[in-house]
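Below sits a lone chain in structure tokens, taken as the form predicted alone.
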């Protein structure tokens, strides 16, 4: 079978000036190949290992908190704080999100990702943008490519933008995808509400006003991403998603039953087992800045397998793009001086989309970049 992701030179051009055609990730063909293109092969020290130990992630029951029980809220916030001081990952159950909605959100992914590649490319992400369809980010990176496809789109909790997701699907993919837009609009709204509740718990755990972070994110302009990881015949040579820390504020992830999420803790990669009744929650770089470095975002990645596709739903909570990200005064003292400069979320988003491939040093590099840019603008 022909592989549709070969790199070829344009024959009409002189060899010295020849340009390479872009690499194309066609999952329907590549998932059956016994050899994978070298751009997908990761260095030996980054390749996944078989059967990593499982991470003991706290399971936090939100039933009492959501029903208004103060004691339950305190217990939940204590567990959240403990997890965030250790590695920034925890699971939430009894979260109030309709399980039928979660099932539909997983099911509808097939309506998009199982289309022929040209149909998916109608929603192709443009270089430097953060929304749209990406087939392994082949247009952005040339090495250590992730073995996955994604569809990302914006959600807004602002007044007057309550149909932004529905409009995206209809305007980008046509009327036949209106039903997907409705499902993901409702799913994002549920994720936004859940995120604001978790922000209350984070505020309590940090000793600031319970409503501080909730109010900060009430007009959130967030990102929803559908992840599809096709099978790979050489799963121990590649990664579904490379090691990174999320540059956003909070991630709420729902895994299917296949599993593949791994977290780097105490110098070792550990897996987070799938739990269809739970959401996996982790803080990102933006909240690390809001907490003044008291809570750290954590390195994580996704692996693939040779037999079964994997799907996940990722909601990335982000502030209003024009909100200034600055920790509350209570979190700045002699023991914790300011860790990062003030910034707008729009600046960090631009940095990670146009200038930097997110990793565990994103915030350090971004701080240097934003400070240098400010100096240049004042000269």
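Numbering follows the first chain given and starts at 1. In this text, all values refer to a predicted model and were calculated from it rather than measured experimentally.
Another form, the form predicted in complex with a small molecule, is not on view; read the next lines as being about it.
With the small molecule left out of view, the stretch that reaches within 4.5 Å of it through heavy atoms in the predicted complex is, among 78-86, 203-211, 112-120, 222-230, 222-230.
The single contact residue among 156, 241, 291, 195, judged by any heavy atom lying within 4.5 Å of the small molecule in the predicted complex, is 241. Only one of 91, 261, 73, 173 lies close to the small molecule in the predicted complex, with a heavy atom inside 4.5 Å, and it is 261.
Contact with the small molecule in the predicted complex, defined as a heavy atom within 4.5 Å, is made by none of 166, 185 and 191. Proximity of residue 95 to the small molecule in the predicted complex: non-hydrogen atoms within 4.5 Å are absent; the residue sits far from the partner.
When the small molecule is considered in the predicted complex, residue 302 lines it closely, a heavy atom lying within 4.5 Å.
Although the partner is absent here, residue 340 sits far enough away that none of its heavy atoms falls within 4.5 Å of the small molecule in the predicted complex. Residue contact check for residue 40: none of its heavy atoms lie within 4.5 Å of the small molecule in the predicted complex.
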